[in-house]
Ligand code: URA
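Single chain ahead, written as structure tokens, the form predicted alone.
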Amino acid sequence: MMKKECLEIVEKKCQSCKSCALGATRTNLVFSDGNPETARIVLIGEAPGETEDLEGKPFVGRAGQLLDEFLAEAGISRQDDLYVINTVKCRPPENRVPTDLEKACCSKFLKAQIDIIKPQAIVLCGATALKSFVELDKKTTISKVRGQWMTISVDGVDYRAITIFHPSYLLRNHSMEEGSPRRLMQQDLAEIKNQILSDRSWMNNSQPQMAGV
């Protein structure tokens, strides 16, 4: 079975999920974007916003458009290199941060997506995505951990992972000076491009699995 077919089964189950209250308030399920058959990287954001909820795709609002600009500049194809998802698949009211309960209810779908894609790397976009996999000290900020490769475990499988700024943060920080968030974003995406996408010997031929859904 192709990865796309496996993911369609997971998406259908996600469509009917009523584990938390978000399913009753959404306009559309926001499951994923990108080509699961060619994606070498899973990029995980926080949650759908208003535009995402209306269109049914992650990262299509202002923050998503800015992310697209940075990806294009780095030579990373959103449609071919990435499989883009969020920690939760339904928009929280007023675009608030999803609660721990909401993330827990959606975690089986998140893990299933990763299990099926089996990416070479996971990009954690912002604090909410990072905290879904790593326990942080209250004093630890994204600025201190971004750009550093780490290992995270998903259903017993270890993956290389790296944290980047969420593009919504960059919307509030326009400076391109050395050391600014936007310059650091450029550096982090260049590192991802160099470490993951420049390795042409890697082939994404692993068989998809559907554990825990």
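Keep in mind that what you see is a predicted model, and the values were worked out from it rather than measured. Throughout, we count residues from 1 along the sequence that is shown.
Keep in mind the form predicted together with the named molecule is missing from the figure; the text below concerns it.
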query: H166, heavy atom within 4.5 angstroms of the named molecule in the model of the complex; finding: yes
query: The named molecule contact at Q113 in the model of the complex, heavy atom, 4.5 Å; finding: no
query: Partner contact for G147 in the model of the complex: the named molecule, 4.5 angstroms, heavy atom; finding: no
query: Interface membership of V42, the named molecule in the model of the complex, 4.5 Å heavy atom rule; finding: no
query: Partner-facing stretch of 178-186, 50-58, 149-157, 34-42, counted where any non-hydrogen atom is within 4.5 angstroms of the named molecule in the model of the complex; finding: 50-58
